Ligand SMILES: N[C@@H](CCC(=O)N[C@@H](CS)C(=O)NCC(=O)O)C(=O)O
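What follows is a single chain, given as structure tokens, in the form predicted on its own.
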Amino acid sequence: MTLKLIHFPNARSLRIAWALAELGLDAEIETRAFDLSSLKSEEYLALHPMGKIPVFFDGDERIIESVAVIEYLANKYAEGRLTRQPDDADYASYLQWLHFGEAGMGGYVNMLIAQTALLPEDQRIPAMKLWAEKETKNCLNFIESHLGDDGYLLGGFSLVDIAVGYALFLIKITRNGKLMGPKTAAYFDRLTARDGWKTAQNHQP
């Protein structure tokens, strides 16, 4: 196999670097410093025509959705480890949480980040910030209600924790961690204590 990830620390490619570490898969990880202008360069647009993150290659096959990549890797190269299959009792929950981290809460988290960190203060809209906080908190409450005092969303660690954990990471690094309930905050601490997370974080330009 010829696997290659173009990786920008803290961006969605982190999900893939993390999954590679957890699954024990070898891949070329080309780590680059984040620079918005570089994403629109001719060189990068040849890799990802939308100028977004991530972009992952399996030979000539290109995949640009982080959650799709981690499931692809687990099923194609790791015998389905960290996934669930249709005959598993928690298969429906697996699919729900796998997509919740991006499709369910990603839009709200993105808006929260824009209104609290990315946009210059004179371009922020107070009403949008309040809306993003409310909707993000609603998502976090949903996570909180499904967590125990230890463990992960499906009991044992799985890809869903990578999918959801990255969204929590964005909330934390933009100083919005106060929105998390105590179980969610403890869950995030468990995730970031894992060797796989630490390995992924060691990829720096």
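Keep in mind that this is a model prediction, so the values were computed, not measured. Quick note: we count residues from 1 along the sequence shown, nothing fancier.
Below, we turn to the form predicted together with this ligand, even though it does not appear here.
- Comment: 33-41 is the region of 33-41, 153-161, 174-182, 140-148 lying near this ligand in the model of the complex, near meaning a non-hydrogen atom within 4.5 Å.
- The closest heavy atom approach of residue 27 to this ligand in the model of the complex falls outside 4.5 Å.
- Not displayed here, this ligand is approached by residue 65 to within 4.5 Å at the level of heavy atoms in the model of the complex.
- Taking non-hydrogen atoms only, residue 53 approaches this ligand to within 4.5 angstroms in the model of the complex.
- By the criterion of a heavy atom within 4.5 Å, residue 102 is counted among the residues contacting this ligand in the model of the complex.
- Taking this ligand as positioned in the model of the complex, the only residue of 161-187 that brings a heavy atom within 4.5 Å of it is 166.
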